[in-house]
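Here's a solo chain for you in structure tokens, the form predicted alone.
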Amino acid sequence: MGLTGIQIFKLLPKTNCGECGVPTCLAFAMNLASGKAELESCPYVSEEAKEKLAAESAPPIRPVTIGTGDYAVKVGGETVLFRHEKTFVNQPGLAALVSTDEDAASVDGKIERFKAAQFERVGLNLRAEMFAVKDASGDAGKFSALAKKMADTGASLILISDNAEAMKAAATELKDKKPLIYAASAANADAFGALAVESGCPLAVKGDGSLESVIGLTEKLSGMGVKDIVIDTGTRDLKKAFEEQIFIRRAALKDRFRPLGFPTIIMANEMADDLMNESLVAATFIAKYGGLIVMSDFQPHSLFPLFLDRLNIYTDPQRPMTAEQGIYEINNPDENSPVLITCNFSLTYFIVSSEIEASRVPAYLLVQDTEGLSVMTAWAAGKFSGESVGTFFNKCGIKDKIKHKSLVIPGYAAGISGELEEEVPGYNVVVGPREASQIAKFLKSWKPE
């Protein structure tokens, strides 16, 4: 980007209205300078400033949102080549293909698996988000009916057809759902581009296996007024597609080459001959820059590893995963149930809460905000001290829920017990187990004081 955050700030209205999503115009200017925001988010910027800032403030890879509601998928908007440089932001959407030549039982089975394949992990619901609906016959009525059926699941949609009339019928009917229109090629770019502008839906482009063909399409469609574009190079060879993904990302981020500054779509279902190999293809492009990934089916044994792959890569490495501070009631505790306290590092919280739940002993678990640090690290950093634990205990409201006078602290934090007793006068501070595996045994022998 040519302009710095301060230079951009000088061109903004300086109202600090917060309507852009950040509290001050300076913060918004810094986001513009780093490619994290769009100028359109500011409702009060002048036309003169728009002209000066439009090109400079656009993110190097345009963010594109497909779908609406809980299953909406936002892709693009990335600012780094490597996750360790900062973080990857918008995780790729996973789609299963359904076609108008499939029988109803096959389609219904995919819908059932889509709904069932949801996994709870570290407080997150891991799931797929999309269906890719393919027009296999050019029958507009059949295509629209299938697309409508898949939209009723709540999933976001990719509409696949070479037939402009069939695509127009389906996209027009479902335009409020913001499906991705797939795909504009050299043969139909005019018709599909006009449909994307008219419907307000994002549009995929499909090259002939060369980046030159993609560049020609994105430049043409951008000139027609299409803003939300997703790139498919047309390549189905794994090695070449892998190389293209890297080239596209580098061109967008390093060279600021606008014709390639869009998220990509990977047709894994066309790059492998069975679901297992499709899963390997999908995992490859989750790691290397795929924005949307289409597979032939949803099966739990293939999806779960992909969910974990996606979660690990798209978790900010500079920010620990945390649980929310507060009181957690486990196994329906009452006024005589034990009270334990721990940190808000997600792994610690889920291990401790799982052990309490497995013990079947009703208990209260207090989770204190330690900025995502584990008990030992937080204790060493002074964030899990007698003073901080005592302040949290006194203010969290647990005293209104219990009659006894005992508080259990982690064994690794035994050193804070004396200071903590001074912070919570009248309460007995009990040092609990050092290892979570001993919690069940400890709770079964615990007695209120």
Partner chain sequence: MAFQPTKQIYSGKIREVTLGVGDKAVTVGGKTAYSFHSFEGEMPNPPRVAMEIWDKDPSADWSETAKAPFAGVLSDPVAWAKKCVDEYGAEILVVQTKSADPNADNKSAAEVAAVVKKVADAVDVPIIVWGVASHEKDTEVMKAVAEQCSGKRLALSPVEEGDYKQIGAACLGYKHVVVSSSPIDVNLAKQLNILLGNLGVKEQDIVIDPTTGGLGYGLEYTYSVIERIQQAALTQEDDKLQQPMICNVGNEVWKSKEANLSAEDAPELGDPAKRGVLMEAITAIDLLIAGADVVILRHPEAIKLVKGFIAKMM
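What you see is a predicted model, and the numbers here were worked out from it, not measured in a lab. For clarity, a rigid core is taken as the largest C-alpha set superposing within 1.5 Å between two forms. Residue numbers count along the first chain shown, from 1.
Another form exists, predicted together with its partner chain; not displayed. Remarks below refer to it.
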property	result
Listed residue that, although its partner chain is not shown, lies within 4.5 Å of it in the predicted bound form (heavy atoms), from Glu198, Glu212, Glu329, Asp176	Glu212
Contact assignment for its partner chain in the predicted bound form, among Ala72, Ala194, Ile111, Leu280, heavy atom within 4.5 Å	Leu280
Residue contact check: Pro300 to its partner chain in the predicted bound form, 4.5 Å heavy atom	yes
Proximity of Trp379 to its partner chain in the predicted bound form, heavy atoms at 4.5 Å	no
Contact label in the predicted bound form: Leu306 to its partner chain, heavy atom within 4.5 Å	yes
Distance check, Lys441 to its partner chain in the predicted bound form, heavy atom within 4.5 Å	yes
Partner-facing stretch of 348 to 356, 95 to 103, 181 to 189, 226 to 234, counted where any non-hydrogen atom is within 4.5 angstroms of its partner chain in the predicted bound form	348 to 356
Heavy atom distance at most 4.5 Å to its partner chain in the predicted bound form, all of Lys14, Val22 and Val89	no
Partner contacts for 234 to 252, taking its partner chain in the predicted bound form and a 4.5 Å heavy atom cut-off	Leu238, Lys239, Phe242, Glu243, Ile246, Phe247, Arg250, Ala251
Core-aligned C-alpha movement of Ile111 between this form and the one not shown reaching 2 Å	no
Ala283 C-alpha shift between this form and the one not shown of 2 Å or more, rigid core reference	no
After fitting the core, Arg360 CA displacement of 2 Å or more between this form and the one not shown	yes
